[in-house]
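This document starts with one chain, in the form predicted alone, laid out as structure tokens.
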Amino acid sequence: MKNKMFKRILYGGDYNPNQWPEEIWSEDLRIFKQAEINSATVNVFSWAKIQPSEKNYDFSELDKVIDKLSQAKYDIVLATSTAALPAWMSKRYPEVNRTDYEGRQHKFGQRHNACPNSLVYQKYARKMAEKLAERYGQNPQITCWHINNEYGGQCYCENCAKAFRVWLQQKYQTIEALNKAWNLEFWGHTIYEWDEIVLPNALSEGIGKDKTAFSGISIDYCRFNSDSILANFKMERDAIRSIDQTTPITTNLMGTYKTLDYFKWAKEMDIVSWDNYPSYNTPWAQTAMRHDLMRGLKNGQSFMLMEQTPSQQNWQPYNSLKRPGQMRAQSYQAIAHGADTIQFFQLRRSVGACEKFHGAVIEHVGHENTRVFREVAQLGAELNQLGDALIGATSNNKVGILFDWDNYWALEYTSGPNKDLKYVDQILQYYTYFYEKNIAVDMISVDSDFSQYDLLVAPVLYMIKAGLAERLENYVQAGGNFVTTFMSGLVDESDLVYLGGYPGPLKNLAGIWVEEIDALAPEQANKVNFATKEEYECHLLCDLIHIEGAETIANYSTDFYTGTPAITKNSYGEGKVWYVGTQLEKNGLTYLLDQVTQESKIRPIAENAQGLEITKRVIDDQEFTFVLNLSQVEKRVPAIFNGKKNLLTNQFVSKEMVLKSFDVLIII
């Protein structure tokens, strides 16, 4: 059955009427109406306007904005405005200002600028959320609460140091347990009192911003920082919930953003929302993967696309315009992967400051006679026609790819073996194979129910937390198929190496053990030969593997380990495990995964799709198949869709039909 968070697809975005005189507001709504925009996100950065001093609040302007939008029957996404401190708070209470990785306490300015463990910040942020809920919580046009904005960053101040020590005491209970977990015998770093713990920044354990002398403390600080900022979200959420018990509450996430454990965050959110800002050369597969990750955060629940630009960004190195039709296609890609809203930053371009050249529905020219507006209006008409048909749709996918923030942090803190080893890059290589084959994927956590998948893929599953190896064994034993790679099974949740040979607790499952790991510089390569005589290059890392029950799929063909296994397959119970001991070139990975999917009985949605993106959403027994041409050349529609209806035009797909660049079908 439908899980309907909203009554219609929300179409709109960030609106900042407080930056404009009132006479502009009515003109804005006139223009928005022409584009069938039905929602507005307001009050994102209005803390200083609403609370001009410590004891004074002024809601008069926001009252006018809310009234005007309510009378026009807009769905209002009401933000709490707490993402940027008012100047009076920074001046009167300097401890609210963050201290950065280099140990410098910041002054007033920027945003995301509050220490998450500042009691002063917490006091006033909670109070702001309460006052907004009291004033507007009963307004039926308030469709969603938007707390803060794009939470992120880290703080290394004394507030955080004290809170970190408390967090550690709760986790480890004793100094002895902490010393063991962090391996503090190394370099004689043994701790004897809790107040001897200092934060792992550039003044202590940091080796540049991305490396550390002691990964145990640095990984724990990542966990602590994520928990601390999450506590701020929960604080505002609970303040709203004490008054408004029903309206959904969210905050906008940022895809594969490294600093926050989004699986943990999603448990505290009613609905996930996120901001999608690909650059001019971001692969479409990477954007799709991020959408799928956002859908996966709450076990397949639909999400909100809270922000995208209708035309161009302003903050990337190269801020190209979206080509004609590209914004529409990008929006449907979001819907195809689980979005129930399409929202923009921003609805009207700002006149000054760093985002004045960030795209908007209403450009600086101030009227609707623009290419961008015509495309926004076309999409608005189509979304209005769709109504609630896709709201709450789900996906029934049989491939799961594991994504885990603890692994993200731990792998990239590791000193060696190769500085070019990046977590998201490794995940993306495997995701891209399935994307290009039109095999739909769920991005899942290590805590997910594996049993619903015929194939699990876990590249660089470096950290194996308690119970995970047993769950994977049970999954494969029962008939599941599992693919993992080099740099898997090496450490526990404290980043301590599992002794007895790599891949640690995955050795029996994989039927191998790894003796050494060779690192290849960018100019170096090895080759692997499959048993079927195909040969492909490999790069980055090469595991030197011993067989302990598995069969060899491919061997290395150069260097001193010529003839030793590079890729293996092991039968375990009713299932199979593939271990990939090196980074294969793309054609080699395709060759391998073609075998894996065939043996796992995984089929694409459509064969011979010629570079089209094809995916599905399902409501009850109704399937909606999205066919997107995200290229800049025409593509033929697969014959399997001949005679079926395109929901966007109510016309039937004809034989020999082609899709123009950035065109879309929704087939029912």
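Residues carry their position along the shown sequence, with the first being 1. On a predicted model such as this, the values are computed, not experimentally measured, just so you know.
There is also a form predicted in complex with a small molecule; it is not shown, and the following applies to it.
J.: Any idea which of 255 to 263, 570 to 578, 500 to 508, 147 to 155 reaches within 4.5 Å of the small molecule in the predicted complex, heavy atoms considered?
T.: Flagged stretch: 147 to 155.
J.: Considering non-hydrogen atoms and a 4.5 Å limit, which listed residue (355, 535, 594, 551) is close to the small molecule in the predicted complex?
T.: In short, 355.
J.: Identify which of 315, 280, 194, 186 has a heavy atom within 4.5 Å of the small molecule in the predicted complex; exactly one of them does.
T.: Checking each option against the small molecule in the predicted complex, the one that comes within 4.5 Å is 315.
J.: Taking the small molecule as it sits in the predicted complex, is residue 45 near enough to touch it, meaning that at least one heavy atom pair lies within 4.5 angstroms?
T.: Judged by the heavy-atom cut-off of 4.5 Å, residue 45 is in contact with the small molecule in the predicted complex.
J.: Within a 4.5 Å heavy atom cut-off, is residue 492 in contact with the small molecule in the predicted complex?
T.: Because no heavy atom of residue 492 falls inside 4.5 Å of the small molecule in the predicted complex, the answer is no.
J.: Contact between residue 345 and the small molecule in the predicted complex at 4.5 Å, heavy atoms?
T.: Heavy-atom contact with the small molecule at 4.5 Å: present for residue 345.
J.: Is there a heavy atom of residue 111 lying 4.5 Å or less from a heavy atom of the small molecule in the predicted complex?
T.: Residue 111: contacts the small molecule in the predicted complex.
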